[in-house]
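Only one chain is included here, represented as structure tokens and corresponding to the form predicted on its own.
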């Protein structure tokens, strides 16, 4: 009890000091705004900060200008990334033997559900919005930021929703299929499943608000010199991503509302009708586009990074925009290939197979642009960000090939529900979503660290451990899935021991790489600033110039 009292006293003291600091700061800003003739202190701060460099600090949580919101998303998404990564590594370590003893099946199911949900909604989506908010004011030459209050509300809804998901100990996987998500289990697995649904609805509300703000920023707040025809490709990718979210999220938000009602009055998915397939359809209306939300903005970042280290513009600006736009359109109509074994009927299966094969076209256009831009360059500076980009392109090709294989009905029946699907997804998620996030982070590091530089040797170690570990882990899953190793289970048959051991080894390598990243950033922050506050990603959009330097 004494320890608890001391802990509560310390927490209350911290809350009091924080509250006092915020009040004092608001008073100072209010006085300065009044002196400058502003009625709204928040608008005064946004106009004062403008598009100036913003540091990675607590002050980002006190200001609501676009760049500060971007810093918030960056800090929060990295926080959730390491939580979800810890859950994932614990799952790997649990599978060192066919009959695990480290975790019970219910506890394993909780970690599996939390890992997937946090990685997708809090890391992939959060990181995308982080770079969108941080880079768009510079790319669009935004003169006046007027929607900070909405952006801040969207962030806090998203963040608190993620906290509720963690607290809920959800066991419903990332897709919350009933009846699994409606069942209560021992060890608190699923006892607060309804809280996870509330958390996910909050995440969706926050993401919808943020997407609308981003669309309006691109549409209405661009500087007069930024036309649709010379807007940076990253800006286009963010626009398409935001439109995809606005178009796709509402069906699942309705489905989650129905699911929440079923916890207290089961009439939709567990009552007399038992329309479980209806929920899966509502989910995949959103569930497949979210895969592209984890890809499109990172494609845009690749388009911006390559010219910075080749000194030449991207190979084809027009086809780049068209390719990303086609990915937006086709992502909305291929959702059914996730349900090829669910009894939709042969005609629907044929339709979804054809449209899924069609997605190869814009994907191939995008990859061709990447490769052609590198091939036509006179010189490529092989920096840490470029290593992540090259690895991301290779991983996407592997993940894309293994993905399109699954839209064949015969192949899908063999590999559906196996680690082949997990391997396919992780090739893309680790190579594109995670790898390109780190590439962009390293490029803006001098700005957000007030002119400090990271240790290049440690950054390259971080890359090699992440890339090699991902290749080993996802490769073992893909091969294991081909021979029938089932995914999402807390144990396995001894014949799959080798594949599990190799994937565990790869997961440990990835984990070591992320510890190197943390150590590098922490020690770099202790250095004295030696650089300017500019970074290559913000200096000039890639559509307008040949490129610029970067670290």
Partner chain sequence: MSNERNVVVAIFVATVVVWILFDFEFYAFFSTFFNGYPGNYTASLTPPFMATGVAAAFFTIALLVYPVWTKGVRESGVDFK
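Please read these numbers as outputs of a predicted model, since none were measured by experiment. Positions refer to the first chain, counted from 1.
Here the subject shifts to the form predicted together with the partner chain, a form of this protein not shown in this document.
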### Query
Of 477, 80, 442, 299, which one comes within 4.5 Å of the partner chain in the predicted bound form, counting heavy atoms only?
442
### Task
Report the residue, out of 228, 464, 263, 156, that has at least one non-hydrogen atom within 4.5 angstroms of the partner chain in the predicted bound form.
464
### Query
Is there a heavy atom of residue 150 no more than 4.5 Å from a heavy atom of the partner chain in the predicted bound form?
no
### Query
According to a 4.5 angstroms non-hydrogen atom cut-off, is residue 509 in contact with the partner chain in the predicted bound form?
no
### Message
I'd like to know if residue 383 sits close to the partner chain in the predicted bound form, meaning any non-hydrogen atom pair within 4.5 angstroms.
### Response
yes
### Message
Is residue 515 near the partner chain? Define near as a heavy atom within 4.5 Å, in the predicted bound form.
### Response
no
### Query
Which one of these stretches, 479-487, 500-508, 61-69, 521-529, sits within 4.5 Å of the partner chain in the predicted bound form when only heavy atoms are counted?
479-487
### Task
Enumerate the residues of 392-410 that have a non-hydrogen atom within 4.5 Å of the partner chain in the predicted bound form, in sequence order, or give none.
393, 394, 397, 398, 401, 404, 405, 408, 410
